[in-house]
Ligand SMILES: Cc1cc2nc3c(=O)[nH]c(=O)nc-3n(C[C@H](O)[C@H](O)[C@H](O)COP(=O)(O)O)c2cc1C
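Form predicted on its own, single chain, as structure tokens, below.
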């Protein structure tokens, strides 16, 4: 049976007792841990605080929601969702840890949101700035048509209040873990998406996680190159319809 690129990748990135030291050695300088857009308008988010369902109730209620009511999210709800997925959970010394685990605490995932319907927040594309807990406005306007087209016609991206787009800055993990880093990056994204799914249910909202999209169309919307940084996962969030 012929091996494809996925089979080859899995085989070549296995740890063994002979290669583990080399595959976990940092060979280049660590890249910046945070991405920020200093030339863009920054909008401060309210403190991430919310009354939520219990974790047990969230587990029991979670399901993929694809139909949404035309009800806006509050800015407080969006703030909590951003914190639960990628915000600062605790600080030790000068290092900020986050609610979702990350291999080596390297945090290669960046968060962008397409805002369709959030109280007090203009429609547009935003980047989540982790340290100041703020949104940086990258583009203003209605991007629902672009996102629906790039996600192979999935209409829920237009109906949901917010579309989360997660990218990876690969070198943040590769500088230490080399090609094995790609495994960790996708695991990191999965942890983050699960946090979002449970946090959304806890707030009485719905979500649906998305892996079907045209990568370079989403990358083009974000203005990232698809090589050093690329989309790797998406989710929609809104009030269930």
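Model, not experiment: these values are computed from the prediction. Numbering follows the first chain given and starts at 1.
The discussion below concerns the form predicted together with this ligand, not included here.
- Just one listed stretch, out of 175 to 183, 198 to 206, 55 to 63, 35 to 43, contacts this ligand in the predicted bound form at the 4.5 Å heavy atom level, and that stretch is 55 to 63.
- When this ligand is considered in the predicted bound form, residue 102 lies well away from it, no heavy atom lying within 4.5 Å.
- Taking non-hydrogen atoms only, residue 154 approaches this ligand to within 4.5 angstroms in the predicted bound form.
- Within this chain, residue 48 is remote from the site of this ligand in the predicted bound form, having no heavy atom within 4.5 Å.
- Shown alone here, residue 70 lies farther than 4.5 Å from this ligand in the predicted bound form, counting heavy atoms only.
- Contacts between stretch 202 to 241 and this ligand, counted in the predicted bound form as any heavy atom lying within 4.5 Å, involve 208, 209, 210, 211, 212, 233, listed in sequence order.
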